[in-house]
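Next up: just one chain, as structure tokens, the form predicted alone.
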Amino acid sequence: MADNIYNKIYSSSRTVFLEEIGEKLKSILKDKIEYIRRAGLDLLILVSKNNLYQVIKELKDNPDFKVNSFQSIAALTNGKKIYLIINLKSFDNDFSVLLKIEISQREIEGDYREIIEMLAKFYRAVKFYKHSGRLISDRCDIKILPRSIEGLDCFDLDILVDNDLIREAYVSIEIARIIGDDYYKDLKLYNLIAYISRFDWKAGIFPEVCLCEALEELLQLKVTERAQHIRMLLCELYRISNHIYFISNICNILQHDIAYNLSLLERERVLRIIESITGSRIVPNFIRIGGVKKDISEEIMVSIRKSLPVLFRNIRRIEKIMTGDFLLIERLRGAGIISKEIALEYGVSGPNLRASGIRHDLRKVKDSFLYKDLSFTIPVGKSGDCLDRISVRFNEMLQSLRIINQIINKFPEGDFIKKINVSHPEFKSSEISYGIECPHGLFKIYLEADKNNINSLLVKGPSFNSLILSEEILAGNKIEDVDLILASLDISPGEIISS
């Protein structure tokens, strides 16, 4: 299945490809849809609730489309109208669709339940939305409350057991619902950029980049090569910071103190570099529409160049310490297995998808920054277990160091930002869906803009798909491995709050 993924489809080719798919869909669906158009990364289809079943059936069953992956569902308000946005993807043919359905303001809950029931006939992952909010606690054997471990502090877990094995698991995210749907309404663009990084406080640069690139595409604004290199540099530094923190969490659960302490030391080294560039560690507020907040000095470049071999050597050392521990490897091997088919069906992305043996990375698939000019490989696993998810992240850190080395050795001259009036941008009335490869997977933004206003905004992080999948993969595993399996999915709390 992974072999059929279209790699290296860059912007112009990608546009033609999506338009061809759109024309084919339009000719088949005809009067079943109101319109279909390209919206950035995706094809946007406006469809009525009455025709939704036929449209989904055609998308999933037609071999020309084979839209077999459920990504997300979210409510969106635009003026006085309320819509549901359903994101589906075909991994075989490498395209995504957004189904936009208007629902009645008077019958919001009824329409929502009806659409969920309809989706559940086609996609197994939708069963989470069917039981979400339902009280499981009364009949569960074990209730696990939020833990102090990063990523496990944003949900409850209800478990049914057979002896010491998990029979069923149910996730509740009610404790995480603290952000309103209209938080962006009164924010100016420059304030929104600072705010949006909070949706991933483990790697805050990625939401900023995603939002600014989406707005730049709406404005048809081309960013300078120097600004793109600075963005790539920061993204890879944050990727390393996220992954090494992931390793420290795993070591904390396994009570491997040596690897735990070494991991925290190396994360501190990376965070100091990030701080020297942005002035901050967690919420960078550094990306701007048209470029970045400030330039990188030659002194910082020299410091980064000196740090690369130290980071490489120490990350390899931590990896060898962990892989050399036979008992640790036996604990990780075979735990929390995610098969290729399940990973695709549940819309998993990023390292969790690649650990299942699917070589898919958005940096290679689309013309993201200038990654097409850089040489790097995409690590993949075989079994999709905890051991593979850890191994993939170790290898990705080494590839990020390789990318950073190439960036700083051919850093272009030029401006770091294009001056524009952010207070009064002129958007054409338009919708856009935009995503980037963040450390957890595909981080995505969908927005609708008109003149100088953002009318609607949806933020979708990859952690929610991984969390939904945990209900599937925890079954059959030992109770003692719950935290280990969940931590291996690298769940970012900020993304769960936004979902």
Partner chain sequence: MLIILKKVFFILAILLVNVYICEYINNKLTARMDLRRGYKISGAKGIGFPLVRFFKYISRSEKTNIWTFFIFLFSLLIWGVVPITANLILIEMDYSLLVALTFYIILIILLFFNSGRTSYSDAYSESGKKVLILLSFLIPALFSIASIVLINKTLSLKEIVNSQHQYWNIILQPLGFMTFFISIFLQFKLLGIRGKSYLSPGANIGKEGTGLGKIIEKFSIYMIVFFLIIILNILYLGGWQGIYIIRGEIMLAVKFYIIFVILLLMDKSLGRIDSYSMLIRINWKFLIPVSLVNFIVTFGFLIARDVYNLI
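Source: prediction; values computed, not measured. Residue numbers count along the first chain shown, from 1.
There is another form of the same protein, the form predicted in complex with its partner chain; it is not shown, and what comes next is about it.
Interface residue remark: residue 253 is counted as part of the site for its partner chain in the model of the complex, having a heavy atom within 4.5 Å. Not displayed here, its partner chain is approached by residue 261 to within 4.5 Å at the level of heavy atoms in the model of the complex. Mapping the unseen interface onto this chain, residue 478 counts among the residues with a heavy atom inside 4.5 Å of its partner chain in the model of the complex. In the model of the complex, residue 330 approaches its partner chain with a heavy atom inside 4.5 Å. Not one of 20, 64 and 114 comes within 4.5 Å of its partner chain in the model of the complex, counting any heavy atom. 257 is the sole member of 257, 174, 109, 413 with a non-hydrogen atom lying within 4.5 angstroms of its partner chain in the model of the complex.
A single residue from the set 141, 341, 295, 373 has any heavy atom within 4.5 angstroms of its partner chain in the model of the complex; that residue is 141. For its partner chain in the model of the complex, the listed stretch (322 to 330, 387 to 395, 115 to 123, 241 to 249) containing residues with heavy atoms inside 4.5 Å is 322 to 330.
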